[in-house]
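Only one chain comes next, encoded as structure tokens, the form predicted on its own.
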């Protein structure tokens, strides 16, 4: 019998050439929360952060709504995970901080996948390793942020 279940979902929407919106939802028996992050692409700058707490366990959790807007203006790079956890997760909700990190990582993976798919349509025998290296040259801040296997 299932005694615990956690569902986490992240989606990335492309809104024009220079804007991406990432939506994340986490829900389990203790927590239910959502965040939406608008990012300028390709500068990788967080334009806005909206959070919603439906179910939580501590009085700090609802503060995520106010605390997480501090990330507006931050850049998605290899330092972002620690910055989110230390500078805003500590004062708001740690679970929301992890969800936000997951959203930013998903954006990086989604853009890599989107560009790779388009490149493969044009060049089916594309060298994927070279493509990834080129991607990192175009978006150097994502080097080390994308964990590729």
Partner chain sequence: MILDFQMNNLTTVEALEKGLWRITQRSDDNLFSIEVTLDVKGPALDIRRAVLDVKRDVLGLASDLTPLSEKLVGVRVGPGMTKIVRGVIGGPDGSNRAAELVLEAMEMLVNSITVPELRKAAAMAGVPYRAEDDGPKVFVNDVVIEDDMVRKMAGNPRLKDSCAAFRDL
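Positions refer to the first chain, counted from 1. Treat the numbers as computed from the prediction; the structure is a model and nothing was measured.
One more form of this protein should be noted, the form predicted together with the partner chain, which is absent from this view; the next part is about it.
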Next on the checklist: When the partner chain is placed as it is in the predicted complex, are 73, 138 and 142 each within 4.5 Å of it, taking any non-hydrogen atom of the residue?
Outcome noted: no
Checklist entry - residue 118: heavy atom within 4.5 Å of the partner chain in the predicted complex? => result no
Next on the checklist: Please tell me whether any heavy atom belonging to residue 60 falls inside 4.5 Å of a heavy atom of the partner chain, as the geometry stands in the predicted complex.
Outcome noted: yes
Checklist entry - Can residue 36 be called a contact residue for the partner chain in the predicted complex at 4.5 Å between heavy atoms? => result no
Next on the checklist: So, residue 83 and the partner chain: in the predicted complex, are they within 4.5 Å at any heavy atom pair?
Outcome noted: no
Item to check | Partner contacts in the predicted complex for 120 to 142 (non-hydrogen atom within 4.5 angstroms of the partner chain) | outcome: 128, 129, 132
